[in-house]
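Only one chain is included here, represented as C-alpha cells and corresponding to the form predicted alone.
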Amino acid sequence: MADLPSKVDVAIVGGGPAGLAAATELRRLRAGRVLVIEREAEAGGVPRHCGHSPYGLREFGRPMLGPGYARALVARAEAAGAQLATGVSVTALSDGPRLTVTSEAGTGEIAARLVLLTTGIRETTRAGRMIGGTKPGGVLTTGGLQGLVYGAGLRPFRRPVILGTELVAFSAILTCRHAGIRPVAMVEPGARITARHPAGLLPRLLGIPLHLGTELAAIEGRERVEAVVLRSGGAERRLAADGVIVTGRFRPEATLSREGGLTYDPATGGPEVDEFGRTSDPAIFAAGNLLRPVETAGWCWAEGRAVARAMARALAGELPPPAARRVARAGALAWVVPQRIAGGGSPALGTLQVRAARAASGRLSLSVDGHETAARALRALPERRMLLPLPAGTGLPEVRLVAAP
C-alpha cells in the first residue's frame, strides 16, 4: 500500500475524539511519526453524525455542533503533523507490535514502536436485546439513524418508538426533531430514566409519551414496521408505529484487542489497562470508550491526551514496569477502570472510575493493604460516573462498595 508507511513510531487505531486528541498531543511532544488509521471515509468518530450541540466546550471553549467539532479535531491533528489514513481497516494486531491493514488499495502491514487502540463503542442491536416478533425494515440504532439523517439526508420513518433512556436516546430525539420525525413513545424497562436530570424533561416538552417500567416485547410488520407490542405489569398492548430506534446498552468495539490476545475484562467489555492506559502488552495502549461503556466525547478527548503523554514517556523509557497488582471489586460494583495499578507517578488515568451494577446507597471506600485511603458517600444509579483518587504507593488496592443497612 504505497500511500501508507510501513513503519511508524505510533500507530493509532480509531479516528474519533480520543484518537485525534492523542495524535495531536503526541506530535506536540515530538513523539516522531504518528499515524491515525480510521476505517470510515472521514475521521471524527461518532460526533460526525450528531448534528446537535453541545460539543467542544472543554476542547475549543465554545459550544459546537457534532460535525463541526469533528472537523476541528481533524484539522488540529493534521496541523500538528499527524498523518490520517481513512478508509483503512485494521484486520489483525500481532506482536511487534504489527498491524495488518486493508483498504481499496489492497492489504499491507505496518510496524510501530507503540500502538494506541481507540476503537470506541457500539450500541446493542435488536438481536442483542432478543426482541421478538417479525423482522421488518425500519429498526435502527441511534448511530444508524444519525448516519441516514445527517449523512444521507434521509428520513427513514415518521412515527417511531424509541427504546431506552440513556443519554444517547435523547440524542435520538434531537435527531428526529431535526428530520421532522415525531416519535410516538419512549420506552424504558427500568423504573426511572437512565440519563441524568434534566434529560427526562425533553420528551415531556416535545409531547412524547414516556413509558417507564415497560418492555418492548415484539415488533410487528412485513416489509416495514407496522406496530410494536409493549409489556408492563404483566399486561400487553399494541402501539402503531412505523419504526423502532434501539438506543444505548453500549459495548466497547473490542474485537481487535481480543483477537490480538490482550487481556480482556468481561465487566467492561474492553481490554484491561493500568493507570497509564497500558494493556497487558506494554507496547499497546488503549483510551476512550474502548475502555468502558460509555463516556462523553469530551471525556474521551481528555483521556486520549492524557494517555498520549504516558506514551511519550514510554517512548523515552520513563514508565515504570508493568505490574500484576489488580483492583478488586466488591459489592454492587459493575466495573472499575483502570483494573491494574503499577505505581510510579504522573498517571494518565488519575482516578479510579467506577460504576454501579444497580441502584445503591451507602459508602464507597478504597483500601490498600486493608487500610482505607479514600471514601465517599454513595448514592449510585447504573450508568452514573463515580470517581475515587488513585491510591499512591504499592500494595494490592481493593475497591469495596458497602451499602447502608
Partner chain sequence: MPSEPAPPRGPFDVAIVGGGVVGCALARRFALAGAAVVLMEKAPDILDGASKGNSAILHTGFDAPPGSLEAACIAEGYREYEEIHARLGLPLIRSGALVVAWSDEQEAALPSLMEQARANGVSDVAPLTRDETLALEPNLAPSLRASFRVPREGLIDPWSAPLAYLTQAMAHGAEVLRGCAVQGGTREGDLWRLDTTRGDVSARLVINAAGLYGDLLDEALIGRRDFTIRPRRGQFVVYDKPAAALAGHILLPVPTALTKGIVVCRTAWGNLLVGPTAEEQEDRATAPLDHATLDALRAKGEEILPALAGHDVTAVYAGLRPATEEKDYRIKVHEGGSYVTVGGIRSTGLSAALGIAAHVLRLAEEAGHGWQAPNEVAWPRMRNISVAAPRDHESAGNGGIVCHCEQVTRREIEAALSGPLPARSLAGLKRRTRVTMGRCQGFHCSGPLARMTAGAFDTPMAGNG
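Positions refer to the first chain, counted from 1. Remember, it's a predicted structure, so these values are computed and weren't measured experimentally.
Although it is not shown, the form predicted in complex with its partner chain is what the next lines describe.
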Of E259, E78, E109, E226, the only residue with a heavy atom within 4.5 Å of its partner chain in the model of the complex is E259
Of R196, R192, R251, H211, the only residue with a heavy atom within 4.5 Å of its partner chain in the model of the complex is R251
Going by a heavy atom distance of 4.5 Å, is E123 a contact of its partner chain in the model of the complex? yes
My question is simply whether L154 lines the interface with its partner chain in the model of the complex - judged by any non-hydrogen atom within 4.5 Å. yes
Partner proximity in the model of the complex: R222 to its partner chain, non-hydrogen atom cutoff 4.5 Å: yes
Its partner chain contact at T263 in the model of the complex, heavy atom, 4.5 Å: no
Of 285-293, 271-279, 136-144, 197-205, which is the one stretch near its partner chain in the model of the complex, taking non-hydrogen atoms within 4.5 angstroms as near? 136-144
Determine the residues of 20-42 with a heavy atom within 4.5 Å of its partner chain in the model of the complex and present them in sequence order; the list may be empty. R39, E40
